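Consider the single chain below, provided in structure tokens and representing the form predicted alone.
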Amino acid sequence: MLRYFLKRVLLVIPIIMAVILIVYALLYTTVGANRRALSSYGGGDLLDRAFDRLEIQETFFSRYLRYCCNVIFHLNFGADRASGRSMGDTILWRLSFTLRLSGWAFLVATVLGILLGMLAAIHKDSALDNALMGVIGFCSSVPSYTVALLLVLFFSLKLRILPAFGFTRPGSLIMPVASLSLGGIASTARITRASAIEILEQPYITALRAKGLRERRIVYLHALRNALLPVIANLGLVLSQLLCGSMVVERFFSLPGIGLAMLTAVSGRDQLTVMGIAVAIAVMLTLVNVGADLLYALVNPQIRNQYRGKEGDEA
């Protein structure tokens, strides 16, 4: 397992450097690009001395290496053009709000998705199953901004019980979380239902029923544990979708997250801020996917046995 962990973790660095290269190249070659802003600081004493000793001229790749060194080794994203503060502090503050919003939406999507999926699987082909799958299909086809608009019209304009925009009180996150989590609920519920139906039809479940075990114990103690493996494998994709979808939701509800900061920087042609936020989002999504892979490896005995066998052969 240690080999699997190291393999997944070490893949993060080349992925991040590849993402930085793509985004840096796009911004560097854009018409009217401010190339001086993208390379306005050095890459650290060691890299600067190496460049000076080798007499390397300022080129695209030298500036790219300087930026990578600043981001990876010094966590230096430059200075915020608007406030003059360190852009890293601004990005971390914005990112913390986005993670809070996406975290609540992820929790709601996971819990409700698993419960609805198991309920539909237990009552397979019944009226309840058909009704739940119809609602889930509707939720998966409605965009988050449409749900947000309907929620604002009903709860803010008609009932006047929730704030429409901004982050003024704890209730401000209710509608953003609800509009953001619907797609994740639908995706998790469908996967849970399909996996649970397959597990409930296995011979060992029939044997447990023949022994006289209660149906509730069979479902929640034996079937649910095995049915959650595909759900855990899908958690990284769900969280990535929520993080990307939070940009639209933050813009709609005027929330101070990293998505709103990205849209503001793009409209203001602040390339250094766009670059820093894009790199931060890429790092966050990469870590989410790696974390999901590691979690799946922990709960999947096949992967554990596979890498235990390899480590035993090498020993």
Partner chain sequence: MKKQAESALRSGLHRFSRNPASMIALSVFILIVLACLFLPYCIKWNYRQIDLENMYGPPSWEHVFGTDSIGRDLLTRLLYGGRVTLGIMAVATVLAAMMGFGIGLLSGTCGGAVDFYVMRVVDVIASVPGVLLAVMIEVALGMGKGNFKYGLAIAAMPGIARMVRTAVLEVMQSEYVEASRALGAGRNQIIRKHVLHNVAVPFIIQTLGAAAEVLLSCTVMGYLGLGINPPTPEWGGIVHDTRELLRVYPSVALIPSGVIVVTEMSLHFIGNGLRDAFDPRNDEK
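Residue numbers count along the first chain shown, from 1. Rigid core here is just the name for the largest C-alpha set that superposes within 1.5 Å across the two forms. All of these numbers come straight from a predicted model, not from anything done at the bench.
Heads up, the form predicted in complex with its partner chain isn't pictured, but that's what we're talking about next.
Engineer: From the candidate stretches 208-216, 68-76, 136-144, 93-101, select the single one in contact with its partner chain in the predicted bound form, where contact means a heavy atom within 4.5 Å.
Structural biologist: Contact criterion met by 136-144 only.
Engineer: 108, 162, 150, 232: which sits within 4.5 Å of its partner chain in the predicted bound form by any heavy atom?
Structural biologist: Checking each option against its partner chain in the predicted bound form, the one that comes within 4.5 Å is 150.
Engineer: Exactly one residue in 224, 115, 244, 128 has a non-hydrogen atom within 4.5 Å of its partner chain in the predicted bound form; which is it?
Structural biologist: Spelling it out, the residue with a heavy atom inside the cut-off is 244.
Engineer: Verify the contact flag for residue 23: yes if a non-hydrogen atom of it lies within 4.5 Å of a non-hydrogen atom of its partner chain in the predicted bound form, no if not.
Structural biologist: So residue 23 counts as contacting its partner chain.
Engineer: In the predicted bound form, does residue 19 have a heavy atom within 4.5 Å of its partner chain?
Structural biologist: Within the cut-off, so yes.
Engineer: Hey, in the predicted bound form, is residue 63 touching its partner chain, heavy atoms inside 4.5 Å?
Structural biologist: Answer no; every heavy atom of residue 63 is more than 4.5 Å from its partner chain in the predicted bound form.
Engineer: Although its partner chain is absent from this view, report whether residue 50 comes within 4.5 Å of it in the predicted bound form, heavy atoms only.
Structural biologist: It does not: once its partner chain is placed as it appears in the predicted bound form, residue 50 has no heavy atom within 4.5 Å of it.
Engineer: Do all of 11, 281 and 289 end up near its partner chain in the predicted bound form, with near meaning a heavy atom within 4.5 Å?
Structural biologist: Contact check passed for all of 11, 281 and 289.
Engineer: Output the sequence-ordered list of residues from 261-286 with at least one heavy atom within 4.5 Å of its partner chain in the predicted bound form.
Structural biologist: Going through 261-286 in order - heavy atoms within 4.5 Å of its partner chain in the predicted bound form - the hits are 262, 263, 266, 269, 271, 274, 278, 281, 282, 285, 286.
Engineer: Superposed on the rigid core, does the Cα of residue 274 end up 2 angstroms or more away between the shown form and the other one?
Structural biologist: Yes, because once the rigid core is superposed, the C-alpha of residue 274 moves 2 Å or more between the shown form and the other one.
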